[in-house]
Ligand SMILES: Cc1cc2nc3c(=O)[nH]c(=O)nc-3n(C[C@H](O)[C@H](O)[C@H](O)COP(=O)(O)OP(=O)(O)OC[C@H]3O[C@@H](n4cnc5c(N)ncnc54)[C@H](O)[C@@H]3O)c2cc1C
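Shown here is one chain on its own, the form predicted on its own, set out as structure tokens.
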Amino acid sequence: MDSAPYGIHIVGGGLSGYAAALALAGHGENLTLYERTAPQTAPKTDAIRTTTINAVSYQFLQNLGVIDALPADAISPIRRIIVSDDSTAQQPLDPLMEWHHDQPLAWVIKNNDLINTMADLIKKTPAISRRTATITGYHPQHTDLGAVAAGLTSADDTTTDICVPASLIIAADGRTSPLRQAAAIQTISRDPKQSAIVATLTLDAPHEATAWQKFVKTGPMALMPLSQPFDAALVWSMTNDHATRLIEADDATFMHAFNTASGQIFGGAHAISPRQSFPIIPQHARTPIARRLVLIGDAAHSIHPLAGQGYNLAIGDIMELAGQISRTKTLGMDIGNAAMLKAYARARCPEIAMMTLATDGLNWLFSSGKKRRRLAGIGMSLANFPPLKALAERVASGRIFHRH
């Protein structure tokens, strides 16, 4: 019995959809990737965005051939991580928590390079069929075939009787996921009324492969090291009103605000790229599955960016799904069966719940007044003791959830 007679259909390109396509291309099923456009290069919105990956995600991307195919200046190791708060403004490198290893703890990758590299690999993979279509419709049972397949329809269809059969649908279509909405899967959202400003800064002193996170009264700010020794990616979360003022400010005003809030970290910064901002509205789906449908990445969960774990969760989704599909095929069962999907949802729950609670909780504690920030800072200082720090490192690396 063919475990997937109607194939696997991945809806949505980008970081999650591309990784899922590359990971599942070797499983033997017909695989179709749907994108709204067929981009030759990454969108401009990704030009200054970066993605942080942990050790498990690095190995995953390396196994897919992505790491070796990246441009040399696209990926930067992190060998030291420092977390501080505004009580150490005079000495911004004094940590609440710190990790320092000779081997990389994590890596920073430029989004446009990562997207373009995966897109090139997909073009070279015959097992992946690419379609340009805006998929918006989902039918739990195909209109003609019944329960043996689900159905997909496109906003681009000129007739109403086109319904593509699918053994399994993977929704990688983003936080506003049309497929999630079509499946009537509800979400839980938390609006901290914050936005994040991202930019590339040129520092006065070398970052020395250090990732730095500071909790200040305006919101958490982070600098992630880039391949050039004086360049770093800034992610600064703050209230929406404050973000609007800083986005509209001239470069000199913005740099003064950054240097003041950061305590002249790495000697301060003297140059900045164009700035971008985006709203922070963490949300997660009440369930990541429906009949023959599974949500991955931002379609299933989007968390606060302060820990840089968003894409690691998406890769965790893909790794677990690939494992479940492989086991189901070994048993000769339909890869879209309900038992497989339920097993996937159960397996992903612990990590997603832990990361959601950790990021939401830290953001709430450090954004709720000086006294609460101070208490949170004391708690993190206590967590700097070796046993707790080792546990935190295992959680951040992804290894605690038994992914290899």
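Note that this is a predicted model, so its numbers are computed, not measured. Don't overthink the numbering: it's just position in the shown sequence, from 1.
There is another form of this protein, the form predicted together with the named molecule, and it is not shown here; the text below is about that form.
query: Where, among 203-211, 181-189, 242-250, 308-316, do residues come within 4.5 Å of the named molecule in the predicted complex by heavy atom distance?
result: In the other structure, the partner sits against 308-316.
- request: Given the named molecule in the predicted complex, answer whether the residues 50, 196 and 235 all have a heavy atom inside 4.5 Å of it.
  value: The answer is yes: all three residues contact the partner (heavy atom, 4.5 Å cut-off).
- request: Give a yes or no for residue 298: in the predicted complex, does one of its heavy atoms lie within 4.5 Å of a heavy atom belonging to the named molecule?
  value: Judged by the heavy-atom cut-off of 4.5 Å, residue 298 is in contact with the named molecule in the predicted complex.
message: Is residue 15 near the named molecule? Define near as a heavy atom within 4.5 Å, in the predicted complex.
response: Because a heavy atom of residue 15 falls inside 4.5 Å of the named molecule in the predicted complex, the answer is yes.
query: Is residue 34 close to the named molecule in the predicted complex, meaning a heavy atom pair under 4.5 Å apart or at it?
result: Looking in the predicted complex, residue contacts with the named molecule include residue 34, since a heavy atom lies within 4.5 Å.
message: Residue-level contact is defined here as any heavy atom of the residue lying within 4.5 Å of the named molecule in the predicted complex; does residue 150 satisfy this criterion?
response: It does not: once the named molecule is placed as it appears in the predicted complex, residue 150 has no heavy atom within 4.5 Å of it.
query: Which pick from 293, 269, 135, 223 sits with a heavy atom within 4.5 Å of the named molecule in the predicted complex?
result: Flagged contact: 135.
Interface residue in the predicted complex among 174, 263, 282, 165, criterion: non-hydrogen atom within 4.5 angstroms of the named molecule: So the residue touching the named molecule in the predicted complex, by this definition, is 174.
message: Using a 4.5 Å heavy atom cutoff, which residues in 216-234 contact the named molecule in the predicted complex? It's fine if the answer is none.
response: Nothing in this stretch is in contact.
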